[in-house]
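Given as structure tokens, the chain that follows is alone and in the form predicted alone.
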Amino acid sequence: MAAMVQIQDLRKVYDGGFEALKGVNLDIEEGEILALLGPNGAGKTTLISTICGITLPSSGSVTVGGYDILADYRKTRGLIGLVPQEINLEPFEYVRNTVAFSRGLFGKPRNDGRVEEILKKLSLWDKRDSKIMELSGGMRRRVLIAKALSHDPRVLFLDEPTAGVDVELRRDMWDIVAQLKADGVTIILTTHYIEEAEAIADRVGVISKGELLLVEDKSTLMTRMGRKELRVDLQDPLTALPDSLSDFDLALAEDGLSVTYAYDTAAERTGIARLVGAFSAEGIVIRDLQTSQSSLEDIFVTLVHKTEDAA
């Protein structure tokens, strides 16, 4: 079965020679949530704008639902919903009219029931007769999503959808995304909030300087690249680590009361038992042990820094 979105060797070079996309290849399956992570200027918005037909590619190809974005642009655009970063809404228009108008722009017949359904799903029904200017920033962002869903797209792009909203509303948005996924909508999300990708994405892509560094299943990525740390709290402080412990990847805290041991989660043996034995042999009394798993943010920062160092 063909992917819902297929991107092959996609390049975008702007006047002046700046290369915003450098041969991006990516398949996005129907009904999955893909989170695109990357620093400012990485190419996330350029990639989305190109797929949506806002920006023309310099070379390469993109298909959505099997249709080429250039040769069949009307069909592909009808399959796509876009929630942009910037909130650009008519301030004096009413919420219900705004969503209904967007539906009409895609040639869809009037359907008051469908508009009502979308507004209720996004907790906007009680605001249906409010002017946009009367809404909070978070509610306006919900209206943007309602507009993007008004023509029943099969692919939804969310470009920094929770930027500037509070934590509670952000979690509500995650629930909305989960509902859309359950309806079979393919979702591509760009975000600066690493916990957002960690919470809702099926796969994670990391883009930097126009290059897609990797795309991988979230849990697989964290298992493959993640490291665990064991913090060993000591009964008495150490001024330095004994030479007998030099074989271990250890870091002594400034106060000397704890030691951190980093190890690979994929290794056949963790070395923890041998470490504890070495502590005992040195007469070092252990007060407590705690483990922690590296986060997606740690992995993201490591990947981006590697790219910057290579450049």
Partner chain sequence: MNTQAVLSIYRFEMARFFRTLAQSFISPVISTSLYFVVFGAAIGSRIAEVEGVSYGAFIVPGLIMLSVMTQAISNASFGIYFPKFIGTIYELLSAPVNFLEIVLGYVGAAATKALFIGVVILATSALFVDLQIAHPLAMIAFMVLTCISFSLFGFIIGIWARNFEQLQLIPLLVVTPLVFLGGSFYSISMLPPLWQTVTLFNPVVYLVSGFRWSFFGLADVPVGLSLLAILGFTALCLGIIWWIFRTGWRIRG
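Quick caveat, the model's predicted, so the values are computed rather than measured. Numbering follows the first chain given and starts at 1.
Not on display, but discussed next: the form predicted together with its partner chain.
Taken together, the three residues Lys22, Tyr67 and Val185 all stay farther than 4.5 Å from its partner chain in the predicted bound form, as judged by their closest heavy atom. Mapping the unseen interface onto this chain, Leu144 counts among the residues with a heavy atom inside 4.5 Å of its partner chain in the predicted bound form. Proximity of Leu89 to its partner chain in the predicted bound form falls within the 4.5 Å heavy atom cutoff.
The closest non-hydrogen atom of Cys52 lies within 4.5 Å of its partner chain in the predicted bound form. The closest heavy atom approach of Ala281 to its partner chain in the predicted bound form falls outside 4.5 Å. Exactly one listed residue, out of Ile286, Leu257, Leu56, Leu250, brings a non-hydrogen atom to within 4.5 Å of its partner chain in the predicted bound form: Leu56. Shown without its partner, this chain lists Lys120, Arg171, Arg231, Lys108 as candidates; in the predicted bound form, only Lys108 has a non-hydrogen atom within 4.5 angstroms of its partner chain. Heavy atoms within 4.5 Å of its partner chain in the predicted bound form are found in exactly one of 199 to 207, 120 to 128, 93 to 101, 173 to 181, that being 93 to 101. Contacts of stretch 55 to 83 with its partner chain in the predicted bound form, defined by any heavy atom lying within 4.5 Å, are made by Thr55, Leu56, Tyr73, Arg74, Arg77, Gly78, Leu82, listed in sequence order.
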